[in-house]
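One protein chain, two forms: both are listed below as structure tokens, the first as structure 1 and the second as structure 2.
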Structure 1
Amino acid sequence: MSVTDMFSHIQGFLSADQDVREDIRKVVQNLEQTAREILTVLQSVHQASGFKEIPSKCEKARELFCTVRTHISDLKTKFPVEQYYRFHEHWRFVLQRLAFLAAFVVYLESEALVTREEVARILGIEVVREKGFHLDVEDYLAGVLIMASELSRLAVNSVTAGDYSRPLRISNFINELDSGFRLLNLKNDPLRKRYDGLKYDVKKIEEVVYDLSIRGLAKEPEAIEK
């Protein structure tokens, strides 16, 4: 094979790679669009009027996750399944956002931490790499951490909306999460940085609980029978 042939050959690889990336980028844009829509639906829980509508908002979000699953099915067809990490950077960001949204919906519905399996099911993907397009553990954890920061906002806004028991429940939840994260040995990577943020969320919520308790507004949290 001549040098020229060799380079044409390699050029073939490279072009194919670029085409794949182009395809992926397009589907990822659609995913981002849907993710923003879900977020808009869920944002209303922060408003005074939104608190009673949580169930309906969650339902609405659940419906939009159908669209997410469709886009992801589409995404899976764009590249060989065993090369997930080759293109990971393209969808990593949106997948973390989606994991956050799934975790947030589940929390709003049940006040429990979504499992990685459950997120995978909501997004229509796998947990185990060997089985296909999957949810990386780091991406799952990043999604959970985004939710933690959303919950600290929710604790603040609950008080504004006059719901004084929710912050205490959030506080318990987030403390448990914090205990979980403390078990991990993270590298100096974006996840570590996000995890550092969790400490501030815990602190903020603690402050809300404190504010309520010195005013006698914090009921003994009977709600934690879960």
Structure 2
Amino acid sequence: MSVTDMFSHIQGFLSADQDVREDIRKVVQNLEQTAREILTVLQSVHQASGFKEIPSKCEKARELFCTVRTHISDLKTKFPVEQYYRFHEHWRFVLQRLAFLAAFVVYLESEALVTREEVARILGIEVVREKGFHLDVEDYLAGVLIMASELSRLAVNSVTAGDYSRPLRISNFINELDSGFRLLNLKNDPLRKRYDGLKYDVKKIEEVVYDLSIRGLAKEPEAIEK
């Protein structure tokens, strides 16, 4: 093979690779749009009137996750299954965002931490790497940490809405979450930096609870009803 033929072959490979990446980008854009729509729905829970609408907002968000599953099914067809990590950077951020949204919906519904398996079911993907398009552990953890920041905001807005018991429940949940993360030996730099922000969320929520306590508005945990 001549040098010209060799580089012509390489150009063909690069062009094909670029086509794949462009197809992936188009689907990811659709995922990002749907993620924004879900976030818009859930953001209303921070408003004073939104606390009464949590069940309906979660139901609407779950309906939009059907669209997410459709987009991800389309995304799976755009690249060979064994090349997941070759193209992972294209959808890593939106997958973390979707994991956060799924975690937030589950928390609003049950005030429990969503499992990685449950997030995968909501998104219509796998947990086991060998089975194909899956939810990477670090993407799941990043989504959970994003949710922690959202809950610190919810704690503040709960007080504004006159819901004084919710910040205490959020505080207990976040402290348990923090204890869980302390068990991990995180080596991933972006994830580690995001985890470092959790201590600020813990502090912010503790300040809310303290303020409620000195104002005589905080209830004992065992007296709190969800």
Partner chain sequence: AALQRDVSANPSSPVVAAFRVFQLELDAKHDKYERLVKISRDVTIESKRTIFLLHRVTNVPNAEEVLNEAEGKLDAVRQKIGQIAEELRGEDIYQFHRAFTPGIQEYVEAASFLHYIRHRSLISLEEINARLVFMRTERAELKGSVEAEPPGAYVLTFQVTPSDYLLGVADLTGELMRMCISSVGNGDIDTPFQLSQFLRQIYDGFSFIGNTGPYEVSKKLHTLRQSLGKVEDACYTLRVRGSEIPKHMLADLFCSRTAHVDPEEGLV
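Here, rigid core means the biggest group of C-alpha atoms that superpose within 1.5 Å across both forms. Numbers follow structure 1, counted from its first residue as 1. Everything quoted here is computed from the prediction, not taken from an experiment.
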property	result
Either 1 or 2, the form predicted on its own	2
C-alpha of residue 203 off by 2 Å or more between the two structures on rigid core	no
Between the two structures, C-alpha offset at residue 6 (rigid core aligned, Å)	2.8
